[in-house]
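Have a look below at one chain only, the form predicted on its own, in structure tokens format.
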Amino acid sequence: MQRYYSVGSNMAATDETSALLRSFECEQNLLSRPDGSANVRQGDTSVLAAVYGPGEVKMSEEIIDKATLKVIFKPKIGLPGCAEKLQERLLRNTCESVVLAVLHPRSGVNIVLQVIQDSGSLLSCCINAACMALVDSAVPMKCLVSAVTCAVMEEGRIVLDPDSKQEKESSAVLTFAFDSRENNVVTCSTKGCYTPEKYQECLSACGAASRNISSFFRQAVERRMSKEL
């Protein structure tokens, strides 16, 4: 079954911050072979995520007291390079912080992320897609995780969920991932130059926007469960 939802930010825009998020859509249970799958679209940026497991794992990768989590990041064109390997590491660390791996020792959970279209805010879209695919696969999790990217423009204005053009024109791009329970920072990735004060402004703006995405995730889970009952 395919499911579509959308979410928007209800934050108030100020002179310092452009608080509107691009349209956010999610479609789960797309693929038949994986245990869970999701396609997340943020504006024109689209990522397809698939989760396999918990299942068997190679003996060399086996961990006695918890599951082995592996992330494979596939760019839209070409083979993965150093940048993609860094993305994999960030995504794996993010997912490991919320997945209850101790419930499935000596097993493996593989998350495959395929970039369909990159029109900005790719990392946050990947994190959100991985989270929804994990939910679809019923892998045990402590909580959900939601990610937001922001760009610091040359004049100091903060733009949430920037597109590719805005990222190129910005002086810094920051991505934050937050847990859904206490809205604590799970992952932070930054690129460019910014002041400590501007970092705090970005953290605050992204934290407020992530609550809308977390609420959207909860509604998606509730709607799914209500249909299955």
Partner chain sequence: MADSVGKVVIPGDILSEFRASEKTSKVALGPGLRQEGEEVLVTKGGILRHKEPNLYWIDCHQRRYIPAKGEDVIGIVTVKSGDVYRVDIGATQPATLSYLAFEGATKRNRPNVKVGDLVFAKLLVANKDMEPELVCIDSGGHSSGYGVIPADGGFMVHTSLNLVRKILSPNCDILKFLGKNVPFETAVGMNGRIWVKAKTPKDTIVVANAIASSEHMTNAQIRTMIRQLLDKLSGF
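Positions refer to the first chain, counted from 1. Just so it is clear, the model here is predicted, and its values are computed rather than measured.
As for the form predicted together with the partner chain, it is not shown, yet the points below apply to it.
Enquirer: Tell me which stretch of 105-113, 147-155, 68-76, 121-129 has a heavy atom within 4.5 angstroms of the partner chain in the model of the complex.
Expert: Only one stretch passes the 4.5 Å heavy-atom test: 105-113.
Enquirer: Since the partner isn't included here, can you check whether the partner chain sits close to all of 45, 48 and 168 in the model of the complex (heavy atom within 4.5 Å for each)?
Expert: The answer is no; none of 45, 48 and 168 reaches the partner chain.
Enquirer: Should residue 31 be classed as touching the partner chain in the model of the complex when contacts are defined as heavy atoms within 4.5 Å?
Expert: Output for residue 31 is yes: heavy atoms within 4.5 Å of the partner chain.
Enquirer: Please determine whether residue 61 contacts the partner chain in the model of the complex, using a 4.5 Å cut-off between heavy atoms.
Expert: Taking the distances in the model of the complex, the answer for residue 61 is no, it never comes within 4.5 Å of the partner chain.
Enquirer: Is there a heavy atom of residue 159 lying 4.5 Å or less from a heavy atom of the partner chain in the model of the complex?
Expert: The answer is no: residue 159 has no heavy atom within 4.5 Å of the partner chain.
Enquirer: Is the gap between residue 39 and the partner chain in the model of the complex 4.5 Å or less for some heavy atom pair?
Expert: Although the partner chain is absent here, residue 39 would stay clear of it in the model of the complex, with no heavy atoms inside 4.5 Å.
Enquirer: Using the arrangement in the model of the complex, list in sequence order the residues of 133-152 with any heavy atom within 4.5 angstroms of the partner chain.
Expert: In sequence order, 135, 136, 137, 138, 139, 140, 141, 142, 143, 144 come within 4.5 Å of the partner.
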